[in-house]
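Starting off, we have a lone chain in the form predicted alone, written out as structure tokens.
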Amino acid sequence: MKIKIENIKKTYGERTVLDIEELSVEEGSLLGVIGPNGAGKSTLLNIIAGIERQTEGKLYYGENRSETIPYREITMVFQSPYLLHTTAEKNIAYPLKLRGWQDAAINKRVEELTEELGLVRLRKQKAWTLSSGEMQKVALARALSFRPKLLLLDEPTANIDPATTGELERMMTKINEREGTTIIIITHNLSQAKRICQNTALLHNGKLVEEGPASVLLKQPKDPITQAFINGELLI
């Protein structure tokens, strides 16, 4: 799913937290959004997901530039996963039941995802007994269950170990390449952005500072703000 942003602003009273003139996310691409805390990254993702509405500007979905939020084709995974108070497999199956899938098709899809994410032995386990990494894998499997056209990820690997991070990254890359899912991921991990993102966008004080191929922007940025962020300097 293609995303096009034109003159998007989000304000709370007198405070402007997001002000982006233009940003395009091509269908089937994997965009990493980076920047310091308070840069507006989560606000941007929430607006695209339809959790929040912009104060001004236009947001278009798909090649036909629809302004209607296609909720049934979008999914989001948060830093702290929100799971239902039931088993891992029922969490994964939940979006499919909402969409009216038949039991046989649901079971097949759950089986596929649990195998790919190493969750087979945990299918019957209650969600609240899982480790943080296991919970995040269940959350990702649930998000991918109905084959969304747009996957939004808000620092999904911030609180988990390197091995599980690697598993999740491989799954993101596989889904992006195999199914053409458009992915936008917020990350503070620049190494992660280098590993999996095709394009990267830096936000600072709610504005888009620089955007381009990750292999270029993270090595040879044009803007001094981007350079300072990559060098680990404090941005004010």
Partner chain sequence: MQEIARGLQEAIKMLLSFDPEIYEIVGLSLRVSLSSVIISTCLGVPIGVLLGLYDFPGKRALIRTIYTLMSLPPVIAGLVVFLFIMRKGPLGFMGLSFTPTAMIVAQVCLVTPIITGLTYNIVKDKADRVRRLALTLGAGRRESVKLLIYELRVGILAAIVTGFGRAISEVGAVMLVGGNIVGKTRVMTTYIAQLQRMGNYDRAIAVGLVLLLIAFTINAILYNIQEKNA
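Residue numbers count along the first chain shown, from 1. None of these values were measured; they are calculated from a predicted model.
Omitted here: the form predicted in complex with its partner chain. The next part is about that form.
- Mapping the unseen interface onto this chain, E52 counts among the residues with a heavy atom inside 4.5 Å of its partner chain in the predicted bound form.
- Among heavy atoms of N46, some come within 4.5 Å of its partner chain in the predicted bound form.
- In the predicted bound form, its partner chain sits within 4.5 Å of a heavy atom belonging to L84.
- Residue contact check for R72: one or more of its heavy atoms lie within 4.5 Å of its partner chain in the predicted bound form.
- With its partner chain left out of view, the stretch that reaches within 4.5 Å of it through heavy atoms in the predicted bound form is, among 158-166, 116-124, 89-97, 102-110, 89-97.
- Remark: none of the three candidate residues (K2, I5 and N64) comes within 4.5 Å of its partner chain in the predicted bound form, counting heavy atoms only.
- Using a 4.5 Å cut-off on any heavy atom, the residues of 124-152 that reach its partner chain in the predicted bound form are, in sequence order, K126, W128, R142, F146.
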